[in-house]
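Single chain ahead, by itself, as structure tokens, in the form predicted alone.
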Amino acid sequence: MFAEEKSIQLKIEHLTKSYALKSGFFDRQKGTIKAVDDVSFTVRNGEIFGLVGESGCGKTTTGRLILRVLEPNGGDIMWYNNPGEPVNLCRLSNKKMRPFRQKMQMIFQDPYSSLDPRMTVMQIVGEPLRAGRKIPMREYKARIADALNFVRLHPEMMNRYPHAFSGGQRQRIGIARALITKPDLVVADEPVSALDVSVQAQILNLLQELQSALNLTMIFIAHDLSVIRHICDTVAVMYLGRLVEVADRTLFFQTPRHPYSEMLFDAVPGLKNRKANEHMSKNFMNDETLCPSGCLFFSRCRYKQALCREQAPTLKAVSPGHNVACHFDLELKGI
């Protein structure tokens, strides 16, 4: 399988991020929210790793933790694309992180808010090049022109401002900005969700072409399984800050093994081939306090039993290349 043919690029181990809940005049802490809760997975070199789930499940937070845009509360981020021993990015100071920031870039969700309207395309795309170092103007413009050519934009456009472009063109500018430093890893945070359907396919095809041509490793964050099926090699399903299923794309779309994955399939008309389960339409309570010691999906699951309330399932291998966090994954009928 794909995951066995590629070397490791990135290994995430027990990554955690929590936020304090405060209230009152003195901002007293009343609890914590676990945005990312003990997340572990491996990304292979040259792979497109898909991270999928509902809004608020912790996908974007996970991507920003990997890039050290946010600081994790715990866990390790092991970078393997370096000579010698892997580097734990969580143990590096901001100064020592600078060389790695050139190797890791991000494509943002909203092409309208991610571009500064007061900057030209040349300034926007070239900004990562000038971060922390000087570069000759001739080389600077040549690198920007190459990046724009990569994303199918004319270099003559580099003196224009973002308001002169459509949404799809703006996202291409954002992609060019992410590629300008020739990174090894790109985190794409729902890069097509804010675009028209007709433009989404163009951007997805462009990302696939660039990934193949440049041998990029990509973490692709999305909430749409149709998009994940189109572009990703490995699929990881996230729910309330935890991974509940990780599988090769073919295995996942042939036989989803977690009840939450089954529910995601039911939500996409083009993927389901049976009537939506009545059981899944009830008790849509997205609240981990309903079952704090057991499975977080307990209140929404049609397969729940007493064990689910008492004991939280761990992510385990149910077949080669397929890991599921469910006590009764064999109960699922498949899609």
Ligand SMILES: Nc1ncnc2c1ncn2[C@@H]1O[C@H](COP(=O)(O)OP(=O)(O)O)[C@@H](O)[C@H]1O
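In this text the structure is predicted, and so the values were computed from the model without any measurement. Residue numbers run from 1 along the displayed sequence.
FYI, the form predicted in complex with the named molecule isn't displayed, but the following is about it.
Contact between Ser293 and the named molecule in the predicted bound form is not found at the 4.5 Å heavy atom cutoff. The closest heavy atom approach of Gly58 to the named molecule in the predicted bound form falls within 4.5 Å.
Contact between Ala35 and the named molecule in the predicted bound form is found at the 4.5 Å heavy atom cutoff. Under a 4.5 angstroms non-hydrogen atom cutoff, the named molecule in the predicted bound form lacks Glu310 among its neighbouring residues.
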